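Taken one at a time, structure 1 and structure 2 that follow are two forms of one protein chain, written as structure tokens.
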Structure 1
């Protein structure tokens, strides 16, 4: 993930077990004490490593939490459920399941807030979390086009804008529902949301 030198370099290699333990300890600490009271010293103690080891690998709290939270999104995938509606509902439920975890809730929003003043951090978030989500949108869209549920793209640039729009709407709605409204993303809500989105997409989208 942070292999700046993939070539075999001399010396003792960094312990992979330490990285795993540190990221797990970070998530554990996020659950128990939250973002603001999370200290790197505490994380190091929980992981059973020295504080200096932690600082050798991550430059600060922000970067550490991004990596710790990013692992939660590894489970995101998009099996073909046969219809666009089913694909949307499926991926929304998956996303909601991740956001239901307390370590994702407090960690993700906190680093996003920090990224408003740190471009490097924003890029790190984009590369390790956001891009994977957006890929699902593109995939689901192309599947729907093959099924004939959505019209084929004419202008590739226009298609990219539409994909961005859909992504912001889907991810934004789920995040807002979960974190701001603090209401559950249950099957009833997902059906209503998918219906709304589907109607908006199948009709003429470029009003």
Structure 2
């Protein structure tokens, strides 16, 4: 008796599998040819999907590259290293390691440059990359409060504003050092940065 289940075409991943293959192929293309030479047709070929499958999900390569890079930042974790300073050092080292990857570096710099002329793209970067990682700040503060390193928060709105500021300071410093200054984010720099973040300008950040 012949099965009534529709046959699937070999080599054509569907739905979530297709999206995963497309984003991986995008990162591969960023490494091999860079953002300027990346095309949706090439990505579709690398992913083994029809161009229409790709176009149904992404209207252009900028949006595609944002989502491909966003997956890299989803790898970030806040390690429990026993203290707030050590936790900050751990996540900053992870963040810098991701930014050092050629697909992250070329992709992020390209779409940020493009977003200066495209408000919708800027919002996509904010939603797909920035907002998705702010939970790390919330987790870090909550963990530090349980350890007694930080006082408890009583005003949720103020807590949210502070979390935004902390994220901006950390992300801004690491992105600038790795992508603009092209200086190493090594353990010595990270230790000094964490000290400055926690102690402020009036304290010895290297202590």
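Residue numbers count along the first chain shown, from 1. Computed from a predicted model, the values in this text were never measured in an experiment. C-alpha atoms forming the largest set that superposes within 1.5 Å between two forms make up the rigid core.
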Structure identified as the form predicted alone | 2
Does residue 39 move its CA by 2 angstroms or more between the two structures when the core is aligned?
-> yes
Answer yes if the Cα of residue 114 shifts by 2 angstroms or more between the two structures on a rigid-core superposition, and no otherwise.
-> yes
Quick one: core overlaid, is residue 127 moving 2 Å or more at the Cα between the two structures?
-> yes
Using a rigid core superposition, the C-alpha offset of residue 20 between the two structures in Å is 3.6
